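Here we start with a single chain on its own, the form predicted on its own, put down as structure tokens.
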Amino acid sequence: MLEGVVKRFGTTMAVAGVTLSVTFGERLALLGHNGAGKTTLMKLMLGLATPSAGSVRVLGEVPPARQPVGFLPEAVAFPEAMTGAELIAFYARLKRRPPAEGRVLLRRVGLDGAAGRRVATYSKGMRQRLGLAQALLGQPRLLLLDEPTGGLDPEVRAAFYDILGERVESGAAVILSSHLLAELETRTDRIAILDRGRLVALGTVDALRARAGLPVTVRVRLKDGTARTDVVPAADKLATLRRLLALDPLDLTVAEPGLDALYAHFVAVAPCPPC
């Protein structure tokens, strides 16, 4: 999809030689601080920006692709005088989809009860759900979602990821960016970590753990009531578990480094970019 892509804005290097692809039926998460290049990558894939160097292909085409692509921007802005039903019908017409599809999607994102209300009365979370509904119109083969769960409560976030899971099972590819690392750990297939426009790590969470070699935390509770916590090198994990299991413990848990620790590690060890 992206091959050696560079994007400059004047003297600022927003994207520095990124090569990245996503397959159908896969969820790829883009992680990075503000200004790392996540949103710029999405704009390049949408055809809202052109690369300074390298190539971009979306569903086999140079952006903007004529094939179905759904997009949910970080800052969702809709005409506030329209109702939710009017707005989704408007987007359905733009995408040449039947109005009934929009009504079904409003129900799917939990807005059927508010469809007749003006968007001006919607909370931030409701606007996010409306944005997701419009992104899903036409059953897009590629979904680009920029900070999609901002403003959503935990229950609605879970429903959001259920919807994404359905789209992935049907063969869609999903690229999403988020600062909420903990919720992504078990809800994406691969992780791409960006730092100052560069791709500094790419892989599954397990692959990134193996590459980072960060220590693991082992907690054990014995029958005499004593408990202990050890932080051991990843290479010593199995030997430590064998030793502790020989003590016939009541309870034994192993905590692998989370995605937040992996992100901090790869950003810290990334070489400084050239001036």
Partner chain sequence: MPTVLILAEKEFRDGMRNRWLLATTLVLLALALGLAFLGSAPVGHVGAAPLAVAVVSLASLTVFLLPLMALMLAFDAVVGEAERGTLLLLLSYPLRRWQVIAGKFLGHTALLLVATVTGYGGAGLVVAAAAGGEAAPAFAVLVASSVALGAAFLALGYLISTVVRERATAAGLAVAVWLVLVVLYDLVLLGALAATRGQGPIAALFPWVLLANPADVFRLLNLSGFAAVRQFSGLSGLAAEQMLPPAVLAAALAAWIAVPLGLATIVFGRRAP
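These figures come from a predicted structure and were not determined experimentally. Residue numbers count along the first chain shown, from 1.
The same protein also has a form predicted in complex with its partner chain, omitted here; what follows describes it.
Review point. For E86, is any heavy atom within 4.5 Å of its partner chain in the model of the complex, or not?
Key: Close contact exists here: in the model of the complex, E86 approaches its partner chain to within 4.5 Å, heavy atoms only.
Should R66 be classed as touching its partner chain in the model of the complex when contacts are defined as heavy atoms within 4.5 Å? Output for R66 is yes: heavy atoms within 4.5 Å of its partner chain.
Partner proximity in the model of the complex: F160 to its partner chain, non-hydrogen atom cutoff 4.5 Å | Flag for F160 set to no.
Exercise. Hey, in the model of the complex, does Q128 get a heavy atom within 4.5 angstroms of its partner chain?
Worked result: Output for Q128 is no: heavy atoms all beyond 4.5 Å of its partner chain.
Does each of L48, R96 and Q134 have at least one heavy atom within 4.5 Å of its partner chain in the model of the complex? Verified in the model of the complex; spot residues all in contact, yes.
Name the single residue among G203, G113, P79, G165 that comes within 4.5 Å of its partner chain in the model of the complex, judging by heavy atoms.
-> Only one option qualifies, and that one is P79.
Report the stretch among 39-47, 231-239, 211-219, 244-252 that approaches its partner chain in the model of the complex to within 4.5 Å, counting heavy atoms only.
-> One stretch meets the cut-off, namely 39-47.
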